[in-house]
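Single chain ahead, by itself, as structure tokens, in the form predicted on its own.
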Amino acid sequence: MPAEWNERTVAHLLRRVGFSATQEDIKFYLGLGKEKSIDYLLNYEAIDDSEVEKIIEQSKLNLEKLIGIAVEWLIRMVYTKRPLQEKMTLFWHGHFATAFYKVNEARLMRNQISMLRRLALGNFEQLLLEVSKDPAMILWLDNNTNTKGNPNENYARELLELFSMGVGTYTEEDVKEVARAFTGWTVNRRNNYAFTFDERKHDFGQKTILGQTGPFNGDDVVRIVAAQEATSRFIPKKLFEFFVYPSPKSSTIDRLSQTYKSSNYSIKEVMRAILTSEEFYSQKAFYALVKSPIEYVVGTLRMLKAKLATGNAGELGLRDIFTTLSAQGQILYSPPSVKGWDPGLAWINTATLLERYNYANSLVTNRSQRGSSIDPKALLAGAEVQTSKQVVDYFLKLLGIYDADETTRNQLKKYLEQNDDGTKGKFTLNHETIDKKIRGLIHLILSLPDYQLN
């Protein structure tokens, strides 16, 4: 039975394809309807996102430093009108995991992310080819040391295992032959680390890769790999698990695999199939994922319409966000290994959960002009709420929690009605309670178990 197109469904869609949404966003997509909403999200090139560029320019970031490029990306996530583009870029960053701590060149890392953003919903073969030629990736997986007679297998192995086909779909001999095909794919350090094909270091000999034989080079490998049945299942499955829920049925992946093949490896069409599927809107999918630190922090900033200071104060304030993301376990441009970040409950432990609570507290209590802050009075503008119940329901919905049980709602109500000495009182919405009680209520909601779910 098709899911009803209502506020709860739209909020679910926008949590998954982006970083949560304001009530205005939800109203906009609710009015578009399901089919037009998905088209709008997928065809983001038509959406004017120039305002983000202005904000970045005003922030005067040092893009030669890790903190600068990380803050730049955070600004994009918070303010973008193209949520799926940034969410896809984050997905590919975790998939083709490359880290600053080894590459050690902010410009190369930033260029890689720009490339992933540009090709986020494009043809997978083209994406894989550009990743293979990407200077940051070449340095990260040591293909600059991959030469004829002395092949380095690092990139070849990860290309097959993590980037395209998955474990158990190739042989060790395939890895060796793929490494030979990528010999001579390097960077020119004297030319700003530009990709270079060094013929002197390339092995032009015959190679047998995944059952095919020829004098293959890297381009040929990418063509062969993109066409594999294993790739047609591995990539859609990983996309499905990132955007919907873990461990989908084989029949679901069969269907997505067919879409991958029939659309000439189009990521956009695979995503369209995912976002229009019954599985995506099933009860199993709702709140089935744990928010990553990026999703938690950026989603909170978006839904609460947080003010981010620009200029020098902005960078200082956003440094605080960079610091909390690090403590929560996710630093942009620095996945922990070539496997990227572990999803799900791996995000949650006593230390990282406490850091989420502390971040929520610092955001809602900040009344200064430095960094990020919220305006509870502005959040209530136009809202027809007065009673404690109405206020609780309003902020639960504003923060994307549509399924809170009565016990949770009653506890939040009790907090609003409680006097400073702990006795029961009567809640009145006024200037004092907006600045104190409403801030406290928001903090409590941001700390709920429900709010940690996506």
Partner chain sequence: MTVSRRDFLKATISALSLPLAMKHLPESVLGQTPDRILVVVEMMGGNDGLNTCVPYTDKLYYEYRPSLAIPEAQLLKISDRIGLHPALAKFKERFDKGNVAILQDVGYPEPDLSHFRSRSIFHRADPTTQEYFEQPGWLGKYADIKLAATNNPLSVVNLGDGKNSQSAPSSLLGEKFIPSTINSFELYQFQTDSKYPADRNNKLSAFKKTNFVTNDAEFSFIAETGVDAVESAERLQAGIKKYTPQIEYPNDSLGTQLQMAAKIIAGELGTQIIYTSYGGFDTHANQKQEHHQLLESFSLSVDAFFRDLERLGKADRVLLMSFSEFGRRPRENGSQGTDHGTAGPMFVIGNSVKGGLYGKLPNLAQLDRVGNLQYSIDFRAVYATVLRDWLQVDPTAVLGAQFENLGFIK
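Not measured: the values here are computed from a predicted model. Residue numbers count along the first chain shown, from 1.
A second form of this protein, the form predicted together with the partner chain, is not displayed here; the remarks below concern that form.
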Practice task
Name the stretch, out of 205-213, 87-95, 257-265, 159-167, where some heavy atom lies within 4.5 Å of the partner chain in the predicted bound form.
Solution key: 159-167
Problem - Check all three, Asn152, Ala327 and Leu345, heavy atom within 4.5 Å of the partner chain in the predicted bound form - result: yes
Completion exercise
Note: exactly one of Ser247, Ser251, Ser368, Asn191 sits with a heavy atom within 4.5 Å of the partner chain in the predicted bound form, namely Ser247
Handout entry: Contact of Val338 with the partner chain in the predicted bound form (heavy atom, 4.5 Å)
Key = yes
Practice task
Please run the contact check for Glu199 against the partner chain in the predicted bound form: heavy atoms, 4.5 angstroms, yes or no?
Solution key: no
Exercise for the section: Mark Leu444 yes when one of its heavy atoms lies within 4.5 Å of a heavy atom of the partner chain in the predicted bound form, and no otherwise. Expected result: yes
Problem - Contact flag, Asp142 vs the partner chain in the predicted bound form, heavy atom cut 4.5 Å - result: yes
Exercise for the section: Could you run down 408-428 and flag each residue that has a heavy atom within 4.5 Å of the partner chain in the predicted bound form? Expected result: Thr408, Gln411, Leu412, Lys414, Tyr415, Gln418, Asn419, Asp420, Gly422
